[in-house]
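Given next, in C-alpha cells, is a single chain: the form predicted alone.
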C-alpha cells in the first residue's frame, strides 16, 4: 500500500496548496453553497469510481461504464414514468447495472479477452441498443417523488451527499473487513498465489465487475434525478473520469493497490477542477487540457518508487 499512501499524501499537499492560493485569489470560493455544490458534483463520480476501484483491484479495467450509466439512467427514467414505487425504480437501475457488469465480467474472464478490448466493444453494443430502444429521444417528466433523491435536501445538505457517505462506508467495510474484499486485493496482487490459496480467481474477477455495475446503477439514480431527464449519449467519456479518479487516488492499473479514501479524494479533485478553473478565470476552451495536465502531474508525483530509487543511488538496490 506504499504507493497508495504516497498518492493520498500528494493529493492532500495539492489540496493545501490550491486552497492556500484560493484564499488569496478568490475567497468567495469558500462559501457554504460552493462547497455543497462541489460535494454534490462529486457524489455520482465518487460512487461509481468506487466500483471502478474494485475492477482495478483485481487487475482488470472497465471502459464501458459510461454506456452502463446511460442504460441505468434510461431504466430509472422508464420505471419512474411508469409510476412504480421508488424502491422498485432504484432496484431496477441497480439490477441493470449488475446485469451489464455480469456480462462484462463473464466476457472478460470466460472468453479470456483483454479487458480494455472487450469492454470497449461492449460499450459500443450498449450504446447502439440504447439508441434503438429510446430512438435517440430524451426521457423527461419524472415524478416529483423520484426527483427528491437527486434534488432534495436534509439539514440543508443534498441527499446525494448522504448517499455517497453511506456507500463509501459500506465499501470501506467490505474492502477492509471481509474475505470478499481481501480476495480482490489478493487476486490483483498475484493471481497464481491467490489460486493456490484457494481463492476462485474467475469468480472474484466477475464479482468485481458486478460490484462496479451495481455502484454505477446507484450513481445513475442520482444522476437522473438530479437533472430530471436523460438522453442516450449520457455518460459519454465518463469512463476516463472514473479511471482518473481512482488512479489519481492511488489505485494501480495492474491490480492490488488502492482504497476508498484515496478514490474519494481523487473524485473530489477531478470534480472540483472545473469550479477551480472558473475562479481562476481560465477560459472554458482550456478546461479539459488543464484538467488533464493536473491529473498527469498528480499521478507523476507518486509514480516513482522513491524507496527503490534511494537504494539504487546508495548502491544497495538491484542493478538493471
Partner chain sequence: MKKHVKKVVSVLTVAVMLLSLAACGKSDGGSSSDNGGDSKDKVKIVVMPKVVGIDYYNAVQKGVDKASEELSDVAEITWQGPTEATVDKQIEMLETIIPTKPDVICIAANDPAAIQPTLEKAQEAGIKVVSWDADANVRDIFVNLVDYTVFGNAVIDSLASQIGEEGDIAIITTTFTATNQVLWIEAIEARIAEKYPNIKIVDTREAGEDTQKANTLASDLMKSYPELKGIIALGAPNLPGAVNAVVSAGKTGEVIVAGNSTPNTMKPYLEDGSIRDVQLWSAPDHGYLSVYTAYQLATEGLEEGKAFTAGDMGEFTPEKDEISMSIGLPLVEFTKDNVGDYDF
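All of these numbers come straight from a predicted model, not from anything done at the bench. Residue numbers count along the first chain shown, from 1.
The protein also exists as the form predicted in complex with its partner chain; that form is not presented, and the subsequent description refers to it.
Heavy atoms within 4.5 Å of its partner chain in the predicted bound form belong, among the stretches 127-135, 154-162, 167-175, 85-93, to residues of 127-135. By the criterion of a heavy atom within 4.5 Å, residue 275 is counted among the residues contacting its partner chain in the predicted bound form.
Contact check for residue 254: every heavy atom lies farther than 4.5 Å from its partner chain in the predicted bound form. Of the heavy atoms in residue 227, some are within 4.5 Å of its partner chain in the predicted bound form. Taking the partner from elsewhere, residue 117 is found to have every heavy atom lying beyond 4.5 Å of its partner chain in the predicted bound form. Taking the partner from elsewhere, no residue among 23, 78 and 245 has a non-hydrogen atom within 4.5 angstroms of its partner chain in the predicted bound form. Proximity to its partner chain in the predicted bound form, defined as a heavy atom within 4.5 Å, singles out one entry of 99, 201, 240, 106, which is 106.
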